[in-house]
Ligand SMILES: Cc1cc2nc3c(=O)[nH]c(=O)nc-3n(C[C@H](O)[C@H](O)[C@H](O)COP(=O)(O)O)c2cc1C
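First, one chain by itself in structure tokens, the form predicted alone.
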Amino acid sequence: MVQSGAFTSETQSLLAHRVSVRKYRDQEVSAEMVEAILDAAFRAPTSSNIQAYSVVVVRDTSRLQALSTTTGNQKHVQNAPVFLAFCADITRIESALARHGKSVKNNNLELGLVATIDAALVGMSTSLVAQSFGLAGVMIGAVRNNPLEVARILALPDQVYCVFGMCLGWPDESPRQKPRMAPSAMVHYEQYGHSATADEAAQQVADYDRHLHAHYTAVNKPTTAASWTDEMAKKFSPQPRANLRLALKELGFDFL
């Protein structure tokens, strides 16, 4: 319920306290609960009602182990009570067009983007509903390290690729919440750049370097004084996942 006289609500509170959780109690997440979570999440917005996504629910230990290996040996993937693979899926759109003598072949840049966005919206909605039930988890973008191998593990057909995964379980840790950049660095009014001068924008980034450095120091994680900017420089130069575009093309998504 929204509290009278204050801009707060249950949803706002859930997001305000959200953290990534990688350790889970040895307690089952029932199939009925997963079904209820996904049923609600599928009400997420979808462009033109195309619903171009699918979710693969994984519990099998050998399959979790395979996913863990291909995502960089992340132990929380292997140990998660349930892993959800959120996929962009244009197979149903292809089927719909085929009924009318048409095809998405050579015409799927926009459709691929929309399907990816649809999957992301469903994934975030899933996370929020799961959190409202007391579950916690973490998003796994490393499924894109080797999308062809992930497709093999999950038996994904042509025109389906895994956008990201999600570990879910009953939390067995309470990690300290990582600070975010100040909203003023990301919110613009009427036109881009009208909220801060170039000097002010640079200072906002420098301030975040300092805040993130303090956070990592407090949780005993190695870092540098220029914490965030150093991380971004290392992560995106040289280019990560250089073969991703070719792999997605092989899976039926031509983003050229």
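Just so we're clear, the structure is a prediction, and the values are computed from it rather than from any experiment. Quick note: we count residues from 1 along the sequence shown, nothing fancier.
Keep in mind the form predicted in complex with this ligand is missing from the figure; the text below concerns it.
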Per-stretch contact check against this ligand in the predicted complex, the hit in 92-100, 132-140, 111-119, 152-160 (non-hydrogen atom, 4.5 angstroms): 132-140
Proximity of Leu244 to this ligand in the predicted complex, heavy atoms at 4.5 Å: no
Residue contact check: Arg22 to this ligand in the predicted complex, 4.5 Å heavy atom: yes
Touches this ligand in the predicted complex: Lys234 (any heavy atom, 4.5 Å): no
4.5 Å heavy atom contact, Asn146 and this ligand in the predicted complex: no
Sequence-ordered list of residues in 63-92 near this ligand in the predicted complex, where near means a heavy atom within 4.5 Å: Gln74, His76
